[in-house]
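Consider the single chain below, provided in structure tokens and representing the form predicted alone.
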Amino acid sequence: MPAAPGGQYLDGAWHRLHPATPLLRGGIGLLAVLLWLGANLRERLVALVFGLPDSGGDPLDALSRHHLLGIGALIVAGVLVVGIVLFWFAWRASTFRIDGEAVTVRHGILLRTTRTAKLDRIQGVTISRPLFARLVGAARVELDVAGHDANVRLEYLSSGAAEELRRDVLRLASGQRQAVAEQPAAEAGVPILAIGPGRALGSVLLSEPTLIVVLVTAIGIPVLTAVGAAPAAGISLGPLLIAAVTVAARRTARNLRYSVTATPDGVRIGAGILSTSNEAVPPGRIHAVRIEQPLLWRPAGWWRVSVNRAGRIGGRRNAELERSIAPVASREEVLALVPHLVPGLAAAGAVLAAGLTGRGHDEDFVPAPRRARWLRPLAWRRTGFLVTDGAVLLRGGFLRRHLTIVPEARIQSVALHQGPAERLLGVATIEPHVVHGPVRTRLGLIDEPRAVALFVQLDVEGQQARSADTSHRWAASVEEAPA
């Protein structure tokens, strides 16, 4: 396959990973060995550091009594040499290549493994810097690819090389074959969201799990004490409080230093304190967006933004990014973020605002008929939909407001549901189908004739939008030769 002109990795040749890759991959095992040695030799080390008499009793004393210190030293040296040789062969056998069509990674000595990430299937690129990797200036690059267990990892590269590789991969995925001189400066991006300590802590304290724990504690302790079961209160509620504090601390730490930045290649999501990650989500990879506001967040004006994507962010460390692309954001930050997730809504600020807090016919939303109040007495006034140029907006919720946005080019099929109660009241439910994820694209209480018309409209316009969609090649050059 032809090589793509550009950076140092775009020559079509095989390149090796960071020399510390084998050590970083086996870092946990090495740490376990060091901890075991430290635990067994701690008394000798303390005596050596503080000049105290050696009390003996460690493995070195046992080897000395049997005159095996020399043999033990040779065994340790042999193990180290074998380990270094194996690490060297593992590093030599791990290579990667970027051409005009895909990123290919191969590794293994006896069992050879090759994984390929097609450029047009890449949903995002994440650069992670675990604590040990940061100490040696290395980073892990993960290509989020559409498909089950399809992600491709490059473990590890130097931090500078990782950034350059991501830039080149996104450039090729965008359809832009030649490097642009202004590209490095443009990549700095425009900050959209930065979660500070106050907001990170406040969003956790004002959450439903925290409220439940507070209510259970406030009611449970007095009740158990009143019936003479104070010890039972400590035994039963103590673990609950410890678990709640642990979860709250973990969620707060996860949101600290969380940021979202807009760039020409989509949005960049940064998170982490000791171990950090920085993910790039290119345009055209978002299949559905959900903006919701829990009741306890309403006084603070905070919202949460979640998305559905075709790929899956690998591992556990980014599981929260998969659920919430903006864990807690202000209204202004949400209005600034959404056009970068769904480019067709760049000039729809008033429509988005009506979707967040409006009701009835605000900004031409089609509301639920009055007779639907028997099914949702509180939420029916906010329930409604609006089809804009390239997207459908589904609005609902009373205690928990929510707005769901589905780009028409990402609709795979459309379903119309009508249960017995809905049939009696002359309403129906519409569900545009997209890839699986945390966002549910379902809206009920639609007037039956309107639901049928919406079903047909989304089916027809969805096919047209998919045929005309070029967002997956967002920077394709007209001068580019045909692939």
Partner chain sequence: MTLEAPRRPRRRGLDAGISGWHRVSSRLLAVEVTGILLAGLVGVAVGVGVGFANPTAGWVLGGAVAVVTMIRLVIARARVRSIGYVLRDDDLVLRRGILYSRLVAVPYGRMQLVDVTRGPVARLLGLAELRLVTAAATSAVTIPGLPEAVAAELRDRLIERAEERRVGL
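Positions refer to the first chain, counted from 1. All values derive from a computational prediction rather than experimental measurement.
From this point on, the text means the form predicted in complex with the partner chain, which you will not see here.
Among the residues Arg401, Arg166, His287, Arg290, the one placing a heavy atom within 4.5 Å of the partner chain in the model of the complex is His287. Proximity to the partner chain in the model of the complex, defined as a heavy atom within 4.5 Å, singles out one entry of Ala146, Val366, Leu375, Leu237, which is Ala146. With the partner omitted here, the stretch from 346-354, 89-97, 116-124, 257-265 that lies within 4.5 Å of the partner chain by heavy atoms in the model of the complex is 116-124.
With a 4.5 Å cutoff on heavy atoms, Leu68 does not count as touching the partner chain in the model of the complex; it lies far away.
Interface membership of Arg382, defined by any non-hydrogen atom within 4.5 Å of the partner chain in the model of the complex, is ruled out.
When the partner chain is considered in the model of the complex, Leu424 lies well away from it, no heavy atom lying within 4.5 Å. Under a 4.5 angstroms non-hydrogen atom cutoff, the partner chain in the model of the complex lacks Arg140 among its neighbouring residues.
Along 402-416, a non-hydrogen atom within 4.5 Å of the partner chain in the model of the complex is carried by Ala409, Arg410, Ile411, Gln412, Ser413, Val414, Ala415, Leu416, in order along the sequence.
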